[in-house]
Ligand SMILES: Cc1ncc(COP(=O)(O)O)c(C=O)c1O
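Here you get one chain, nothing else, as structure tokens; it is the form predicted on its own.
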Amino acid sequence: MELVRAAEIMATHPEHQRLPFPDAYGLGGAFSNDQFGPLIEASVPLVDCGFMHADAVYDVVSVSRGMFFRLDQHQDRFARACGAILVKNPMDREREAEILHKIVALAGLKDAYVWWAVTRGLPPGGRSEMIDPDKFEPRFYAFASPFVWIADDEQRARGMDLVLSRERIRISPRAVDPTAKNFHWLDMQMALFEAGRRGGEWAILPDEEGFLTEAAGANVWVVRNGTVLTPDTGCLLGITRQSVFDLCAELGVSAKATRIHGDELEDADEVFLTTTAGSIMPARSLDGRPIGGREGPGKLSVELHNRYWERRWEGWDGTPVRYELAQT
């Protein structure tokens, strides 16, 4: 089965054509310091705790053919993340959605990567108040840029080359809750550098006992004996991850979340990654060895990838962007 070249379609199909936009919005639109403006002009105060301490949660939702995908689910997850780190979102749900719609509309984007965050914000005046979360002034930030791909059409069509990190482990859930999408990326970034040194394109991180958690910014999946498996702990509960469960149910394929030890990757039939920035990304090798004894991606990985984009462009759980907000 040939992989649907989604990036090429986005670049050439009339339904993906960007709407007219001011030149300043070429890189996208943003909301920062309580104002809308071009992404290139957005800023964060140096004393914001999100910048100083990585004290923030964020989320990312994608837009394609002018429709947000599963926006309600992303907002639900973001609300849970705010609660998990005891930060109050200064925007209510309706205003949050309105901001996301407007920054896409201002940039005229039909395909977009839409990011938003709430930081702990400005620190309280005295150190004695640092122990009280209510003493901080949380800040809301957001931006929309043209759609971002972790893996391009070529990489997804021939399969990504993955590395299981030997040098790094994922931050323990007892230290930082991975289900609250957060700014703590150093473990993942160092694993990516390791992958580059070892000839790979992306990294998977185990926990301290060698069980899989997630890849850098993505969920990891293993296909074995016709069953699709993904880690059940130590990872973000991705929206694309949930979409794979839904697609497997449609296709009559068994799928479940469970513990997976890194050693089990050796006899995997297929491996793939999932994330908003890149969708479903088939792999061809792990640590320099072909996966499943074959060259190229697995059949089911490609089928899930193609079905994901077919369903999305049919309007699956889509929310039309309110482009009229660009005029307000």
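Start at 1 with the first residue shown and count on from there. Bear in mind the structure is a predicted one, so any value in this text is a computation, not a measurement.
What comes next is about the form predicted in complex with the named molecule, which is not displayed.
Inset, instruction - Mind telling me which stretch in 191-199, 151-159, 234-242, 250-258 gets its heavy atoms within 4.5 Å of the named molecule in the predicted bound form? - result: Only one stretch qualifies here: 234-242.
Legend entry - the named molecule contact in the predicted bound form: N219, any heavy atom under 4.5 Å: Contact check for N219: yes, within 4.5 Å of the named molecule in the predicted bound form.
Legend entry - Interface membership of T275, the named molecule in the predicted bound form, 4.5 Å heavy atom rule: Flag for T275 set to yes.
Inset, instruction - Mark E214 yes when one of its heavy atoms lies within 4.5 Å of a heavy atom of the named molecule in the predicted bound form, and no otherwise. - result: Yes, contact at 4.5 Å.
Inset, instruction - Would you please decide whether H101 lies within 4.5 angstroms of the named molecule in the predicted bound form, comparing each non-hydrogen atom pair? - result: No, H101 sits far enough from the named molecule in the predicted bound form that none of its heavy atoms falls within 4.5 Å.
Legend entry - Heavy atom distance at most 4.5 Å to the named molecule in the predicted bound form, all of R70, K88 and F140: No, none of the three is in contact.
Inset, instruction - Could you list the residues in 138-172 that come within 4.5 Å of the named molecule in the predicted bound form, counting only heavy atoms and keeping sequence order? - result: Only R170 sits within 4.5 Å of the partner.
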